[in-house]
Ligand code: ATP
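In the form predicted on its own, a lone chain appears below as structure tokens.
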């Protein structure tokens, strides 16, 4: 690695008659501190003009110039403050050039924020920055940029790989009631209605079916495992996503949350007038009156629970901690991927989170899988399979093709065969459920500790739209074809709403 920083230290007054050469000569010991002998930072050139000292600082891997310049700032302030009552008011960097070698050669062009120039020659990278302020240098943004370039190159190699997928269990093949798209057929019967992008209204029959499935989850999974109900916010602020890791990658999938600048009626009078005159909401005027997003609507349901535990130590008697939430919808912008009730922007989900020592979390993960087996085999009688996949949180951060070989930390996907999509062998099965052991990701991210050792956590989200889609794709819409175990819990269906 090679770093070359052209920077300026601005004093609080001109250094008339002050000789800084002696200070610069003895700076070598300060700039080598903590580095192998002869491998610290060096001042290659200096020039004093009025209230400004221009320096060129170079280094290799150790004591990088963006650190060295602040060592110089402290040294100069100490030496000049005593004798001349002079302090360093500001640090600026006019130009910063960094050369380093990557582990892999980039496959295609890479861009990065703040870079004035970014060039590659095989594995060698040259990064040039200009006009950097003190905060940029002091907060190690430069080191983060170097890491980000490496991450972007690594991602190019991940993008060429399929997500890790390993089949671990499959039910027997079943004879299905039909091969029609259940969303289209339910829409024809007015059981459901498409309302806005990726959003559906569920009529009485479809709602009764989903509520029955919800109760099955409560009776067959949550009650047997003694899980307590909580209410988790569905508006998620940036501080949560920064700690959970979602802030790294998910901006194209978030529904953003922007508060108004004020409730003052005068601010909104023009908007109201335009609507009353034209009958149309003037969204451009609305945009002028809202603040920047403070976060977004719930994307993954468990992260906004973690602030409840953040910075705390959980007593041993409370472990394993088991909670679930079903208090509202999640929102996810699916772009062109929406289809029926299988892939929606607004969806209803029960989220079960468990937290404990590693062996407790691993044991609960296995128990949860067994409870799902009983539900899918014994009550819903689905044709389905399980696969060990890239952990969802790694996939969301762009790291596909990664999985724990011991299958302890990671995600198990539950996939249902959808007859209307084609043959079992060639069609895409619907991932309608998963269960994850997330390891120490969340306890570390939110600084949650245990009384007696390391903490892990797991989560499983039950998406009721996906359950309904998988069930009706295989069983059809005629209750006579539905399994007895489900019909018993369902009871009498409401009458269909008729339209003239």
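A quick note: this is a predicted structure, and the numbers were derived from the prediction, not measured. Positions refer to the first chain, counted from 1.
The same protein also has a form predicted in complex with ligand ATP, omitted here; what follows describes it.
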Identify which of 371, 164, 349, 322 has a heavy atom within 4.5 Å of ligand ATP in the model of the complex; exactly one of them does. 349
Selected contact from 185, 381, 342, 134, since only one has a non-hydrogen atom within 4.5 angstroms of ligand ATP in the model of the complex: 342
Just to confirm, residue 273 within 4.5 Å of ligand ATP in the model of the complex by heavy atoms? no
Does ligand ATP get within 4.5 angstroms of any non-hydrogen atom of residue 58 in the model of the complex? no
Considering non-hydrogen atoms and a 4.5 Å limit, does ligand ATP approach residue 334 in the model of the complex? yes
Even though ligand ATP is not shown here, does residue 466 get within 4.5 Å of it in the model of the complex, heavy atoms only? yes
Ligand ATP in the model of the complex: contacting segment from 334-342, 200-208, 140-148, 236-244, heavy atom within 4.5 Å: 334-342
Taking only heavy atoms into account, state which residues of 412-439 are within 4.5 Å of ligand ATP in the model of the complex, ordered by sequence. 431, 432, 433, 434
